[in-house]
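The chain below stands alone, shown as structure tokens; this is the form predicted alone.
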Amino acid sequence: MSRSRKTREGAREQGLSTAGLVLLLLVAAVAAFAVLGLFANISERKEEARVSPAQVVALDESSVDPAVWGRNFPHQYDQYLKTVDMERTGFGGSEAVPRDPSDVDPRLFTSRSKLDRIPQLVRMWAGYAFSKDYREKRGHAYMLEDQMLTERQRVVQQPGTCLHCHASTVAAMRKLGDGDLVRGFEALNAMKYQESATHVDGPIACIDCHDPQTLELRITRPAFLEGIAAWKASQGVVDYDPNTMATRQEMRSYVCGQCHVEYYFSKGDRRLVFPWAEGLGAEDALAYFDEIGFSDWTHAETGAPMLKAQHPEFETWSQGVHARSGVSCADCHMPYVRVGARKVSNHQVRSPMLQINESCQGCHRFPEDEIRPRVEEIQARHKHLTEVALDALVDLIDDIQAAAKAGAPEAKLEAARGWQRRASFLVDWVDAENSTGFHAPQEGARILGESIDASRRGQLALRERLAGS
């Protein structure tokens, strides 16, 4: 090879080597710049996360209006405002139904009637106000107006006790009790509903669940404090106070359990009581009511002393796998969302089926189109079993009426009425609970099975007694 050719090839190799070095340096520089940028971003986000929200206004025990809290916590307040949204899932939520406003009821929209959709409920509640008006639940924004304007208010004079789960009451209770929450609670209980409503300004608000100074979660409803103390006492825990003894994760369910529970009004003083002294199960509540001889009303068609279950979401959740796994109500219904570097609990408070990614997929690593059908299959089976239980109950009501018409002695109807009371309370327990069986699927199915069994036992008792009469 000639010397000139070797020289040209050497120069070319040297040029390639130099170009490679330059390229390598450029790549390294870009990478270094990217790393520095990433580091700066992480540092900025960490600093942002450390900085507390700006205190635009001072908050105290008189700060009832959520808009005032919203000046300090705009993201949470924006989400809270979205509780006006009405959106159905496959088996829950609510759908806006237009209506003609009136002087008595100025609402332009309400939710669908469950009495139209489930006519057996009218027979189950014969003689009780719920047989006149019972609708799908709407978001927290509507919780006060829907209760104030329900036709049940015109059927029967409800007590101020009803207000505790439908309004922001903590400030009102403190004022009525001269700073004593329990005394104020008792004062509201004793009032008629229309009088008690003059002491509140709106539905549940930030102050009902958060300490205005520390922002820590807290229990403000005396009925919950008394109820959970009774439940813990049955387990051997004395003088239990969730505000000082519960973990933060427990509090993320307890604050919901202040209202999403079964309850009753004690005779005389109309005190709000959670029937938890025997436990949190459906039969525990039934045993409690039987022991004290309590009934909500007398059935108009059969004369049975009846019980009306309310909305035992807390009790039902406590029987399910999520509770046993340490998953709180807020984990699913108020999941954390990212706002900059912060995690903010979503205060829209809605069904996990409307936010599967945030509510479910943090634990369940399956696609949405697999999770949703799983949930809906559970709910469809629960709905069918509920219909079977309601049909069985109506059959029993018909048989008791027929037996009474046939002249059966009163004593021979008592057994059937007892079974009716039991069957009705058990099916009502799962139907009034707003997860359509999902909070505790196996427990819900078991309770419905017990309800069906009670209805059929009531029928058998009538036939056996009539056969021997």
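Note that residue numbering begins at 1 and tracks the sequence as displayed. Note that the structure is predicted; figures quoted are calculated from it, not measured.
Below, we turn to the form predicted in complex with heme C, even though it does not appear here.
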Item checked: Contact at Leu217, His347 and Ala432 by heme C in the predicted bound form, all three, heavy atom at most 4.5 Å -> yes
Notebook entry, point to check: Of Val182, Ala300, Cys363, Val97, which one comes within 4.5 Å of heme C in the predicted bound form, counting heavy atoms only?
Noted result: Cys363
Next item on the list: With heme C left out of view, choose which of Met143, Ala277, Ile118, Leu176 has a non-hydrogen atom within 4.5 angstroms of it in the predicted bound form.
Entry: Met143
Checklist line | Heavy atom contact within 4.5 Å of heme C in the predicted bound form, the stretch among 377-385, 277-285, 290-298, 235-243 | finding: 377-385
Notebook entry, point to check: Does Val155 make contact with heme C in the predicted bound form, using a 4.5 Å heavy atom cut-off?
Noted result: no
Margin query: Is it the case that Phe109, even though its partner is missing from this view, gets within 4.5 Å of heme C in the predicted bound form, heavy atoms only?
Written below: no
Check: Does Ser325 reach heme C in the predicted bound form, with heavy atoms at most 4.5 Å apart?
Finding: yes
Margin query: Is it the case that Met306, even though its partner is missing from this view, gets within 4.5 Å of heme C in the predicted bound form, heavy atoms only?
Written below: no
Next item on the list: For the heavy atom contacts within 4.5 Å of heme C in the predicted bound form, list the residues of 265-300 involved, in sequence order.
Entry: Phe265, Leu272, Phe274
